[in-house]
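Coming up is one lone chain in structure tokens, specifically the form predicted alone.
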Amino acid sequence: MTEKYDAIIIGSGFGGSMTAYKLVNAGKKVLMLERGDWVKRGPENWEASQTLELTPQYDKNSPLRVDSGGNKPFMGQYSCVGGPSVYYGGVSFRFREKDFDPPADIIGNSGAEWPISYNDLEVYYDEAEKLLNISGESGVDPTEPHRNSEFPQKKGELAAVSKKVKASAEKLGLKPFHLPLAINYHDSSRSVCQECTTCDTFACAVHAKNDLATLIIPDLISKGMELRPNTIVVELLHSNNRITSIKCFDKEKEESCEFTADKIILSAGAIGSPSLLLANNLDKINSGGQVIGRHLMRHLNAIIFGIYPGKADKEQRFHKQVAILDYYFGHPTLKTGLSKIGSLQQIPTPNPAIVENEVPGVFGKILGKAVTLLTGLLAIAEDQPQFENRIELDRNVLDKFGLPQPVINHQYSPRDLEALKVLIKPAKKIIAGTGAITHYVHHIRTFSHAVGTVRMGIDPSQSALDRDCKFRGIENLWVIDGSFMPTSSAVNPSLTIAANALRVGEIISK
């Protein structure tokens, strides 16, 4: 006999963990299934070899085939307890109010529409920031949405190189401010940030990053949630418009297992969730099944690196600290017909191991040593939801667990490319004002901000989820991760995924 739960959550990232927070605290019996393992923490996390793509947590057991739009023909996926939060840089933005009512030049012919507004999420943004102990600065950002309360933690001290970026932006008449970060600076009851240079793409060696595996999941386990790491979901059995059971494979025991629950929450991410839905033919019983796997968005990102005559970061310390959103909705100094452009965020000096991994051989080692001359700004342009940008399955290629291979096709629209082009111009001016002798633009082609592949909406024929993320056609299935988003905004999606999960988790728990 299989043990039955009130709810099964597939995935332990922001969507899964925050939904679990509401269910567990409502007294529900919850099982969380995670395909990855716990990430060990200790001095070894400071080593260059511990950047994400060089670790076992960059899971290649079920490789993604990228036919167009990626940096490699095959890519792995995040796979660990806590999901991407363990390796992300901690940036935790709220969407702007207008992000929930995007203009026509963003929506195009996609039929995208938000059935919820900023007001529906505001209280949950407050809650998510408190749970993740976000540090930040209010009252400076010219696009800042309404807040009910201040950030729960004061901002950290700026590094010397960050002060240069801030001063340069201010000379141009801009309003730079501290990035909102999920990093512990002031709570002395646990380890505080040591300002190391191994943060973004690294697991925190001392648990000072406020990731889900540090702050949320252990507490849920202590309250009765059952977590099964190293568990691959292989089949969602369904009949009579219900998920009846979940078949899995236990990687540690190397055996099959099966679980049942009244409610199923799929939170495997904007690539994993549509892949699992398509593999189980659930698109065929959804009125909006045509959009499942479609409208893949992943921000059009580029790093504008300044090249300096000596070490850019002479202090050798964390400096992903400054944001500039003056250009988010356009700017008087920019002559463009675009309604939205994007954001600029400070990016730290790259770790040599990342460069050496991307450029193998002797040349990669030479470039790796040269990265100390670099630091810069990340330009994030909002990308359009396009039907042709998609995740499909190649059912002729099965992984070791019997799952068909996800295949990604993605191209940016002319509008996307124009927005990034416009955004890069002021970024170059800011970098020049910090003392850089020249610059280099590096285009990012990973899928780290992927959203939109199982979107919510009002029209049942144009959306796979209703306003509460319930899957159309299955009465006990919800999809709660980045895939729910109809549009991508131009800031990091993690806090909005978390806030929406708290909102929907509260509804499901009743």
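One rule holds for the numbers: they count along the sequence shown, beginning at 1. Since we're looking at a predicted model, the values are computed, not measured.
This next part talks about the form predicted together with a small molecule, which is not shown.
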So, Gly83 and the small molecule: in the predicted bound form, are they within 4.5 Å at any heavy atom pair?
yes
Taking 4.5 angstroms as the cut-off for heavy atoms, does Gln321 touch the small molecule in the predicted bound form?
no
Indicate whether Ser267 is a 4.5 Å heavy atom neighbour of the small molecule in the predicted bound form.
yes
The small molecule contact at Ser135 in the predicted bound form, heavy atom, 4.5 Å
no
Check, residue by residue, if Ile10, Ser79 and Gly482 all come within 4.5 Å of the small molecule in the predicted bound form, counting heavy atoms only.
yes
Contact with the small molecule in the predicted bound form, heavy atom within 4.5 Å, among Ile391, Val233, Ala213, Ile430 goes to Val233
So the small molecule isn't shown here. In the predicted bound form, which residue out of Leu220, Val407, Ala302, Leu276 has a non-hydrogen atom within 4.5 Å of it?
Leu276
Heavy atoms, 4.5 Å, the small molecule in the predicted bound form: which of 23 to 31, 445 to 453, 65 to 73, 462 to 470 makes the cut? Say which one.
445 to 453
